[in-house]
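Given next, in structure tokens, is a single chain: the form predicted alone.
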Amino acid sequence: MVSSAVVLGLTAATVLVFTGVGLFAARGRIDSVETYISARDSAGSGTLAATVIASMMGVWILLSPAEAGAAFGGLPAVLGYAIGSAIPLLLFIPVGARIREVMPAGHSLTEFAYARFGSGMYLLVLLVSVFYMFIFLAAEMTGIASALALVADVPLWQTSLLIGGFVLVYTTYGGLLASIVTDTVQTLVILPLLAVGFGGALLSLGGTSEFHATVVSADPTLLDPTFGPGLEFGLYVAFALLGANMLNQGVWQRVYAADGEGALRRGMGIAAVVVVPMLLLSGLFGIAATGLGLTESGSASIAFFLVVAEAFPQWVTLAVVVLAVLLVMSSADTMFNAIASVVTADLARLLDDPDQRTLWLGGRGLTVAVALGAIFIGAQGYSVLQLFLTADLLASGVFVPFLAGLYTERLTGPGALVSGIAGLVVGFVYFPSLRGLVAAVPGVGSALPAPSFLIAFAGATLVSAALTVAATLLGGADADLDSLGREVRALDEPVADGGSER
């Protein structure tokens, strides 16, 4: 085991360096709340690809795909994670262009939900989106805390507080601009470190032939691309990732940050191509952990780091620690900024002509509160995959009617709301992890069908989609999509905090 003092020192050095990068990048550039939460039209295709990769690929990529490979179906489960992560990015190419066309001065998905559907659907989207971002943060803190506890016996709370605290420093100062700059640098470091980690693992395990022989001798189904349970997992996780990312405010922010439709198209396309091998490499660690007999004690949620602790020399372990810290920083700052943007945009609408300071303090205040909650949960050591699946379920039932509002004027607010809630009901009824909660409702427990992740996710998506189609065909609404852009204003008054006047 690596010394806890060495790992904590390396972690502290890493977060200090990137906190400095974020603060320096934003110095003198944050001259309004608008700049703080949108960084509009500032990212070319390369920068956009880098910030999307870094913001979406948090430390969960070292945990959830590996756990899927170790405990949920081997290679086909990992393939489902990889392909399922790329699909939303490709979908954001047309959807992102449409968002920018319909609401060019927009900031958040909740702004669109309110302007297009009214308060009912707005509240549903707000709850689902903020809950997803909170769970994302909590899962990231859980993942990094569990990882460092395993490789160096670092107390969970120390890791969560150290990383979460410093990320909060530069994001509350520099907003989305700081996040985009740090993401870009982090991506340039993350990709080589992931390659080094995988290469070091292969060398330690005796090369590709020895790796294959070890896994096949332990369980040949782990590398069977037609293994039934793995295919089922891969299918439902694709539904889960699609819904979650389409309601991910962090991605919405980057759609508006793209410097034109061309940059949006190329940036999202590059990111979609890059994330596939990243997740495949990570998932293979889970397969290796099972092949080596390291997950027999029920520790599949940290399968990646079980292989690290078992097979890596110390220098590779330390490189993986840096990789993990960078991954959690890149995704945590995204969620902090995403929460701040949702709150700030909504305050601008809800309050009676609020000044810039009120918007600034409101957004930052709630972000700090959410961050502290995520840090606390991160110190508890829950399963990262289970946390994500719970949040993904909510998004799976809501995203279809939400996106339909971008393309049809006939879908009413009540129609979208009923479609989303019906999808959620189906998902809750079949979702295994929420079985106890649903069964506690009087008279419901005996009527529940057999639990199934696949039916929960596919059912939530397909039922909400079917009802959305029906509501659109029967709807009498005649929404003016061209008018939505006039309902949202830019928040670009100069402010005296972190920047200079225009």
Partner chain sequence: MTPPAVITLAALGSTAFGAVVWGSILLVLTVFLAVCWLVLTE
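Residue numbers count along the first chain shown, from 1. Model, not experiment: these values are computed from the prediction.
Another form exists, predicted in complex with its partner chain; not displayed. Remarks below refer to it.
Peer 1: From the list Phe211, Tyr122, Phe166, Tyr173, which entry has a heavy atom within 4.5 Å of its partner chain in the predicted bound form?
Peer 2: Contact check passes for Phe211.
Peer 1: Which of Leu148, Leu284, Val307, Ala240 has a heavy atom within 4.5 Å of its partner chain in the predicted bound form?
Peer 2: That would be Leu284.
Peer 1: Counting only non-hydrogen atoms and a 4.5 angstroms cut-off, does Pro277 reach its partner chain in the predicted bound form?
Peer 2: Yes, Pro277 is a contact residue.
Peer 1: Is there a non-hydrogen atom of Phe198 within 4.5 angstroms of a non-hydrogen atom of its partner chain in the predicted bound form?
Peer 2: Although its partner chain is absent here, Phe198 would touch it in the predicted bound form, with heavy atoms inside 4.5 Å.
Peer 1: Give a yes or no for Ser45: in the predicted bound form, does one of its heavy atoms lie within 4.5 Å of a heavy atom belonging to its partner chain?
Peer 2: Because a heavy atom of Ser45 falls inside 4.5 Å of its partner chain in the predicted bound form, the answer is yes.
Peer 1: Just checking whether Thr221 would be counted as a contact of its partner chain in the predicted bound form - the rule being heavy atoms within 4.5 angstroms.
Peer 2: The answer is yes: Thr221 has a heavy atom within 4.5 Å of its partner chain.
Peer 1: Name the stretch: of 246 to 254, 406 to 414, 107 to 115, 188 to 196, exactly one has residues whose heavy atoms fall within 4.5 Å of its partner chain in the predicted bound form.
Peer 2: Comparing against its partner chain in the predicted bound form, the contact stretch is 188 to 196.
Peer 1: So, Leu202, Pro225 and Ile270: all three within 4.5 Å of its partner chain in the predicted bound form by heavy atoms, or not?
Peer 2: Answer is yes for this spot.
Peer 1: Since the partner is left out here, which residues of 168 to 187 would have a heavy atom within 4.5 Å of its partner chain in the predicted bound form?
Peer 2: The stretch touches the partner through Thr184 alone.
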